[in-house]
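What follows is one chain in structure tokens, specifically the form predicted on its own.
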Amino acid sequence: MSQYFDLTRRGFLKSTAATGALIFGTYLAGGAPRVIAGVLAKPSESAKTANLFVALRPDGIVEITCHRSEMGQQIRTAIAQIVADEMEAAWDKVVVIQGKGDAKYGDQNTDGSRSIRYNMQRLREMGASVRHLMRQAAATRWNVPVDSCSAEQHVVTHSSGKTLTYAELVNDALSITPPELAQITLKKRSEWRYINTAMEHIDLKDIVMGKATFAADVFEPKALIAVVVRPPVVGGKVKSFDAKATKAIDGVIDVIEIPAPQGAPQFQPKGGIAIIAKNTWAAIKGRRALSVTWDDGKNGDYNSEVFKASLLATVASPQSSVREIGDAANILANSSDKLVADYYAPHLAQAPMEPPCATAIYYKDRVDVWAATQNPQADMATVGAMVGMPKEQINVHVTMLGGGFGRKSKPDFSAEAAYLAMKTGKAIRVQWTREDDIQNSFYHAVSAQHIEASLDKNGAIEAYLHRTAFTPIASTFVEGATAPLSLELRLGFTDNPINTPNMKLESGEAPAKTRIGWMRSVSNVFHAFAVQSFIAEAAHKAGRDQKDYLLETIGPNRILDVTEENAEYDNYGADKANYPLDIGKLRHVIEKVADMSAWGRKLPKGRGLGIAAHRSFLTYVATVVEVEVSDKGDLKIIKSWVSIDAGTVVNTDTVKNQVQGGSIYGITAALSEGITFDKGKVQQSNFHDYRVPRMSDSPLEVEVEIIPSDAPPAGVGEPATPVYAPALCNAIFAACGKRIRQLPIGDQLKA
């Protein structure tokens, strides 16, 4: 059984008193116990602040605050590794405190594969500053120069051989003025103890043993449970409802209407009717008994097949140019022999294993929320707007997340809980079911893409045209937006690595008729699918080997600056000097994965290898997939190989885990039925009709090699996903000659 947050009044007030003033940046008034390694825990009453992320106990135990959300990517372990390494803390004397939502931490949005990239430098500095304080404290006590003192594994040693432990130095150290940045010396890479190693994940045992605390484990004895029947069509409203049968069910307390959102969806709740009950089962039974008549609004005509046709029609004609070099359009118009292909990918749902869940308690001057959130500061803003309070009065406590993939950075579920707590005056836990999540998500964009290329006499691409159209994320934030933002286009489109003298990239518009949000690797999913599939098609047309042609098509080692070709490209918000678009690195991962998979070996009949490579989130990934396709069209994925260059990595075991997980997630993009709509309503409801990979769908092994690098850290959580679908589809063609241009694969192999 899971451990619980105990939010009884006695325990609640005690935890508040114990923590409110002791650890700067950790608690505000009204705080609650934290989860350390998945069990009930809170900062020690005697802990003292060293800096924003580090507190020290008198016994030498180090408390390191993790301000990012833990959803299986082991960020709590990685942050502890970085800080503990630089401060020379003994690993068995480190505990991790989960940070609540607070602007002083800076960005807390655990999205975009940014947690290490955004934070590694300052976390190293925080750790090194504590090491400096310890050395200074020892030097002062011994009356010796600080340079004669060294710190190692919780002990400061003088050149004479005498020692003092961190526990003996805590009070002295915290009386010293913290050092300026110029006074801090960071370790050399050769001195790293924890960084760039495979370390045990601090939460793994408790997760496996069922002791970790997730949002549904938050326990307040007097809390009521709410489930919500939401408008089946985005923008729909309640026309009327009859709650008589619902209120007659034993355990149902109340039925409350949640207001419909105003303007663009943003992260507002969809509205609907909440059933408040003493327990989850009573709430679910009450929802089933509720009679609701809906006004579906302007999106009630949304049909996936009709919309698919409109998207394909859009990319069939010229659109807005976003990057251009040479004279691709003219060359293609006059080419007598060109390759033309259209690609399509449906809406997808993030579908984390744990559906959204949040508990809220409303007070006159604040709201406390416990949520499975990827972005607690977004919860603060959204909840504040929902209940009419400044966001600074919203305390968001982050539980563990049973997966997120982008869904849980949209806190509509937290806003629902807070609103219902305000209306009832009771603690409320809003529990989503699997069906709620599948049918009320912020969906990955549906897309269509059109690509043309003419090949020269040697089979090389001499002119290339690529048009893309997809429902933009911008529509979630700006009512009526139909054009993608440049930040969506730079996800695998404007940063196209094909080395050709003539290229034209065009972007079309598409109206969104549902809520659109980011999902693991975002637009890279469908852009990489089209580009990498097309290169393989061109290789076949040219009579060339897939891998060799891919290397020839991206060209020689060089730094590519696409902004020179009229492209708005922000390089994932990173400095191009530190994170250049390096074709040499892309080539390297391709060559490495080819070696790993013994590319070119003879395969049995019905088997094939496919390869794809892509740069996303500043990381370079190449994947080879081996498949077997039977005469009846049955598909079996035999094995996958992945090479990744993510710059400096913190935990090598975590990187391999993330790459393996990202690869399996990529199978969803290829095999899942996708999310489809008819009359504005989602047609899928659970894993029986929105397929996520079963064990039988997955390879027995995903072999991963990390390219050693001294470069700054890049992203890890997402880059393995975009390459998987094209590598898989290229392998299918190699195995049976069937070309897949539309996802999901479905029954195309049996046709």
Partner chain sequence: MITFIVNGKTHEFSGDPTTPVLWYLRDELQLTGSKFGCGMGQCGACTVHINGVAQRSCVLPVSAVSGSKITTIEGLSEDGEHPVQQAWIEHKVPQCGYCQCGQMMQAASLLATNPTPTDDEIVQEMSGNICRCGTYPRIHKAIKSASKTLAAVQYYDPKVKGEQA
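Numbering follows the first chain given and starts at 1. Note that this is a predicted model, so its numbers are computed, not measured.
Beyond the structure shown, there is the form predicted together with its partner chain, which is absent from this document and is the topic of what follows.
*Asks:* Would you mind picking the one in 512, 212, 427, 126 that has a heavy atom within 4.5 Å of its partner chain in the model of the complex?
*Replies:* By the 4.5 Å criterion, the partner-contacting residue is 212.
*Asks:* If the cut-off is 4.5 angstroms on heavy atoms, which of these, 403, 608, 232, 261, is the one near its partner chain in the model of the complex?
*Replies:* By the 4.5 Å heavy-atom cutoff, the listed residue in contact is 403.
*Asks:* Do residue 423 and its partner chain come within 4.5 Å of each other in the model of the complex, heavy atoms counted?
*Replies:* Judged by the heavy-atom cut-off of 4.5 Å, residue 423 is well away from its partner chain in the model of the complex.
*Asks:* Although its partner chain is absent from this view, report whether residue 280 comes within 4.5 Å of it in the model of the complex, heavy atoms only.
*Replies:* Yes, residue 280 lies within 4.5 Å of its partner chain in the model of the complex.
*Asks:* Residue-level contact is defined here as any heavy atom of the residue lying within 4.5 Å of its partner chain in the model of the complex; does residue 59 satisfy this criterion?
*Replies:* No - in the model of the complex, heavy atoms of residue 59 and its partner chain never come within 4.5 Å of each other.
*Asks:* Could you confirm whether residue 664 comes within 4.5 Å of its partner chain in the model of the complex, counting heavy atoms only?
*Replies:* Residue 664: yes, in contact with its partner chain in the model of the complex.
*Asks:* Out of the stretches listed (100 to 108, 128 to 136, 69 to 77, 624 to 632), which one is close to its partner chain in the model of the complex, meaning heavy atoms within 4.5 Å?
*Replies:* Only one stretch qualifies here: 69 to 77.
*Asks:* Suppose contact means any heavy atom within 4.5 Å; which members of 624 to 661 contact its partner chain in the model of the complex?
*Replies:* Counting only heavy atoms within 4.5 Å of its partner chain in the model of the complex, the contacting residues of 624 to 661 are 653, 656, 657, 658, 660, 661.
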